[in-house]
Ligand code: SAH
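Just the one chain here, laid out as structure tokens, in the form predicted alone.
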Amino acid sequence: MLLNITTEHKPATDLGFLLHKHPDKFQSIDLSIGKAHIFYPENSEERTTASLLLDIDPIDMVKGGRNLSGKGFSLGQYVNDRPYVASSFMSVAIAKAFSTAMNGKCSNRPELVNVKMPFQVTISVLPAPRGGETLIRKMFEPLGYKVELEPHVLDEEFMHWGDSKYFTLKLSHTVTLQSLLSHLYVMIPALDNDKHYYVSQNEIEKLLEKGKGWLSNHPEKEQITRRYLFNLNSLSRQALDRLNDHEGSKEFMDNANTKELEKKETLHQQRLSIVLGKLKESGAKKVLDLGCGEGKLIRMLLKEKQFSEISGMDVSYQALMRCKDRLHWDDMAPRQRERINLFQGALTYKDRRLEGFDAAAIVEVIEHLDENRLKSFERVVFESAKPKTVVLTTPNGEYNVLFESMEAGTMRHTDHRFEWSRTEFETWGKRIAKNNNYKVQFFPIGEEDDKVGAPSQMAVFEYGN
């Protein structure tokens, strides 16, 4: 299967900088089911094309994936269309081959990230269900794409058999490369009825991350969500609930017989609840949420009278604006609003606004920093700001082997720079505590496995002996 991305942006060679792949090099990456090859069939200032070619090994696909055999066809898991069509395998390859571009990063030319460029995309070949042309158009056209479709007949020798479910898709749009890749990452598996992985809770987070900024307003968001999540009602309800800004705090599970909904706490809510508990135990009144994002922890802190001053800092201005929206800032009672202070800032630069707090929460943030920036982070938080209590969480990398849908050697989020084991995290935490006059305790978050521990891990630092 082949994906071509072409631009005539001037100079078109900017595409190579954005993709972080040198046009003069033929590059290959390993996948669990074969290899992906990246190359440039044309590269000039007038027109540049980057190609992503998947070379799937049917044996490796069977070893690591779902059983794709059909009824009455025992060899279906070995003889099928997966090596020849753009499917969920293509999304995995896009995320792995172009991870830097998907994360909106370009170290050599950072100004290019937000530049909208004219792109032409060709996918050969894309499978779609019955009524596929209509579905493809309903997915891409609301995003501004011009869609051209070439249907393929089942057999040219027997034209009366009609068309197959396969199309060559051509898309044209002026858009940022990050948006283009995010659209493809979500839409390709949403169009395909066969997933090569077991769809789990982890897929909700991937969908919401890649759909950020566009999926919630898409007129077909329900259909896209359900198809992406393999029409699993329990997962689809969670994702749609969060897209509809209901905060996604509950996981809904179907009971086919009684049609009753069973509420189950998600890992994310468990994490926030445990962090809130530790902040309350500390006796803190002035609390700082570093990397506050859209403000889920802040909304929980507001419900506790113990906290008289609540501040949130994030590097993303857009996230702070969404935080205000979800707090209903304009309609908030004046006394409540006086308790909150939101500001933009980075965790790697000394900032006097971070000083004078009883406690700070840093929830699933440090893994988004390059490891060579952690020294700066340590100086900013533990040497300069020096809150009396620091509650910090991060993923436990050992637990990743239990996520069936994760590719070997990958991380839970495409923006994660590292995911530490329990030993690595504790070694780091103990060193910080020793060097900065803190005491530290470590706690698991989530259901623990005997061999690999819990999915998340937490350190609670207390200043002074």
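Values in this document were obtained by computation on a predicted structure and should not be read as measured data. Numbers for residues come from their place in the sequence shown, where the first is 1.
In what follows, reference is made to the form predicted together with S-adenosyl-L-homocysteine, a form of this protein that is not presented.
- Taking V315, V380, V153, L143 one by one, only a single residue has any non-hydrogen atom within 4.5 Å of S-adenosyl-L-homocysteine in the model of the complex, and it is V315.
- Comment: S-adenosyl-L-homocysteine is not present in this chain, but in the model of the complex one of L112, A346, L374, M332 has a heavy atom within 4.5 Å of it, namely A346.
- When S-adenosyl-L-homocysteine is considered in the model of the complex, I188 lies well away from it, no heavy atom lying within 4.5 Å.
- In the model of the complex, S-adenosyl-L-homocysteine sits within 4.5 Å of a heavy atom belonging to V365.
- Taking the partner from the other structure, S-adenosyl-L-homocysteine in the model of the complex has a heavy atom within 4.5 Å of a heavy atom of L272.
- At least one heavy atom of G291 is located within 4.5 Å of S-adenosyl-L-homocysteine in the model of the complex.
- The candidate stretches are 169-177, 332-340, 97-105, 292-300, and the one lying within 4.5 Å of S-adenosyl-L-homocysteine in the model of the complex by heavy atoms is 292-300.
- Taking S-adenosyl-L-homocysteine as positioned in the model of the complex, the only residue of 318-332 that brings a heavy atom within 4.5 Å of it is A319.
- In summary, the C-alpha positions of V381 and P110 diverge in the model of the complex, ending up at least 3 angstroms farther from each other than in this conformation.
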